[in-house]
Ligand SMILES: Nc1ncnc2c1ncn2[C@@H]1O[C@H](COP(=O)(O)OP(=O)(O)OP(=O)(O)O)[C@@H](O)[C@H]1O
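Before any questions on binding or motion, here is one chain by itself as structure tokens, the form predicted on its own.
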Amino acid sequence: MSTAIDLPYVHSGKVRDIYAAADDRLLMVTSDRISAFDVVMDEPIPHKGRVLTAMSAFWFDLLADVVPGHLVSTDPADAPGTDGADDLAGRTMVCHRAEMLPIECIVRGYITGSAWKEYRTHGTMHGSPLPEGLLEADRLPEPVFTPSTKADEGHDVNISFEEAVDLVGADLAEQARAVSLECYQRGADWAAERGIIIADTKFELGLVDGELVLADEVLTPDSSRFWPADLWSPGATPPSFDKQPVRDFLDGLDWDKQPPPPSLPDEVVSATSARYIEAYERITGRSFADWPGTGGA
């Protein structure tokens, strides 16, 4: 990917590179990097960054009546300092700079992942009791806000709502919970009509001029678990619309899940790219080939 971005560098995550576009704005560039088991693979997934950008833009628009978003523009012409680089088209977001909350705003509609492990051991989720007899990937009686910390190193730590109140204050915690639950329910209902279950998701919320905003990525296959509804049955976790081909390949290797990562075969890379694109097209009803930078993919 091009490095010809003439802006002050701010930060890089596993997928995104962030630059200062102005005193009150950021430029977020979403790469094709992919991680599994907290290790970034050497091989990029073609168009993955564009899928995440396009899908986030779709949700920012759809959820604008619930909570404003930090997104200003995804138009490559509005991305400063990029000199119109073709490889950046479709993967840039110009955003308002927000004061981010120090919690991950997670909503779970189904019990899986770390929540399932806790329930199986203790009968609880984030310390709160759940009904007996739930199976893996079961639908919860109602969606639940289950915040976590943001870890600088290692894994985030699941916390109770009361601990979230200690971190951000009662009013802001209540507002974050209400917004997160409403955004999840709106997104889950939309996806269900298109044959996709959103099992859980992670929202990033922040403050712009004192107003709570939705930030970063929204309801993407990287921040959420997308399951094909026709393959869901309580008792086992169905395959997901994201990096499942990568996980399946790596699980079949004698690898200790530590860097350096093994090489991904071409067929795993192409299958993963296709899953991301299919998720976008099913959710939005749009052709991915119409998104900037795809070259009619």
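Not measured: the values here are computed from a predicted model. From 1 onward, residues are counted along the sequence shown.
Just so it is clear, the following notes concern the form predicted in complex with the ligand, a form of the same protein that is not shown.
Even though the partner isn't displayed, in the model of the complex is Ala98 close enough to the ligand, meaning a heavy atom within 4.5 Å?
Contact check for Ala98: yes, within 4.5 Å of the ligand in the model of the complex.
Determine whether any heavy atom of Ala279 comes within 4.5 Å of a heavy atom of the ligand in the model of the complex, and answer yes or no.
No, no contact at 4.5 Å.
Can you tell me whether Ala215 touches the ligand? I mean in the model of the complex, with a 4.5 angstroms heavy atom cut-off.
The answer is yes: Ala215 has a heavy atom within 4.5 Å of the ligand.
Considering only heavy atoms, tell me if Arg16 and the ligand come within 4.5 Å of each other in the model of the complex.
Yes - in the model of the complex, heavy atoms of Arg16 and the ligand come within 4.5 Å of each other.
Honest question, do Arg247, Lys257 and Val268 all end up within 4.5 Å of the ligand in the model of the complex by heavy atom distance?
Zero of three within 4.5 Å in the model of the complex.
Interface segment, criterion being heavy atoms within 4.5 Å of the ligand in the model of the complex, picked from 129-137, 170-178, 109-117, 143-151:
It is 143-151 that comes within 4.5 Å of the partner.
Work out which of Met41, Leu26, Leu63, Ala57 lies within 4.5 Å of the ligand in the model of the complex, going by heavy atoms.
So the residue touching the ligand in the model of the complex, by this definition, is Leu26.
Name the residue from Glu182, Asp78, Asp87, Glu204 that puts a heavy atom within 4.5 Å of the ligand in the model of the complex.
Of the listed residues, the single hit is Glu204.
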